[in-house]
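Next up: just one chain, as structure tokens, the form predicted alone.
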């Protein structure tokens, strides 16, 4: 076996080991959720049992208001995603094609903002929302999240917009198109994949938020997102020792974003790779 083949097999072995370490908790999560409660600790090494049981999912749907929590999560993540796209698209277009005062400084500040953890803004955001009486409301959850990772979307879309041929836009301007026409009728159709990729990234990141929805909406059960509801269920008397139901609730919480990513993974990964080398 040559040195090149040894390197290939070594890299594949490392990839297999790392993949197993990443997937093992997910396998146990799904497996335990389909185990009957009395069999969970009967054979803890094997994550699955035959036949699978739906008892845990029935218990979750009976004890948790899943439709309301799902609706809250969809409203929360969807509003943040649409809001960030509404801010990022025009900003990226402006940074890509217009020259204005302090342009490079503003772009630098936007990129630097990505280095500031959202957690350090919890207290000022909470105090501001309390003054506006938005605690335990969906608007209170959504508004501060509009700025989280917004700089990433602006920078990535800017890179893609800058790669678009200027000749096409100049031809559109000669035909009488203004800046908004160029953005929405020329650039957007040609850059739909990057926009969708940014939207999916923001959607998944927002859907998985836990501390912020717990801090702002944890005082009102009607404002719980799925992530908060699972934690409340875990600490409640109904779910404290019911591990199968907790795993089932976690699967239901993770399933929507997992499906979205699996359906759109090629577009997302291609966009992120292309965005890193453009501009």
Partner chain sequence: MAVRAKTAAAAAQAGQTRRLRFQKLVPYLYIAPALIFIFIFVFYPLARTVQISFYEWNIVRDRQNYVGLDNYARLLADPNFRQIIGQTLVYLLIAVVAVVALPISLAFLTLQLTDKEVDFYQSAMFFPTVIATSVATLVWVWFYLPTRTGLFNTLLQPFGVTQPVQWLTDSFTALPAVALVANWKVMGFHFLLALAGLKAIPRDYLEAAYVDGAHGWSLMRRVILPLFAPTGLFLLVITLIQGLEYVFVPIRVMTLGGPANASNNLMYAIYQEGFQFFRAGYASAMSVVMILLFGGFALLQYRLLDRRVHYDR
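Numbering follows the first chain given and starts at 1. Please read all numbers here as calculations on a predicted model, not as lab measurements.
Beyond the structure shown, there is the form predicted together with its partner chain, which is absent from this document and is the topic of what follows.
Enquirer: Test of understanding: in the model of the complex, would residue 110 fall inside 4.5 Å of its partner chain by heavy atoms?
Expert: Result yes; residue 110 sits at the interface with its partner chain in the model of the complex.
Enquirer: Find out whether any non-hydrogen atom of residue 258 is located within 4.5 angstroms of its partner chain in the model of the complex, and reply yes or no.
Expert: Residue 258 belongs to the contact set for its partner chain.
Enquirer: If you check in the model of the complex, is residue 202 within 4.5 Å of its partner chain, heavy atoms only?
Expert: No, residue 202 sits far enough from its partner chain in the model of the complex that none of its heavy atoms falls within 4.5 Å.
Enquirer: Using heavy atoms and a 4.5 Å limit, would one call residue 263 a contact residue for its partner chain in the model of the complex?
Expert: No - in the model of the complex, heavy atoms of residue 263 and its partner chain never come within 4.5 Å of each other.
Enquirer: Does the trio 77, 165 and 196 actually contact its partner chain in the model of the complex, every residue with a heavy atom within 4.5 Å?
Expert: Verified in the model of the complex; spot residues all out of contact, no.
Enquirer: With the partner left out here, which residues of 211-228 have a non-hydrogen atom within 4.5 Å of its partner chain in the model of the complex?
Expert: Residues within 4.5 Å: 211, 214, 215, 227.
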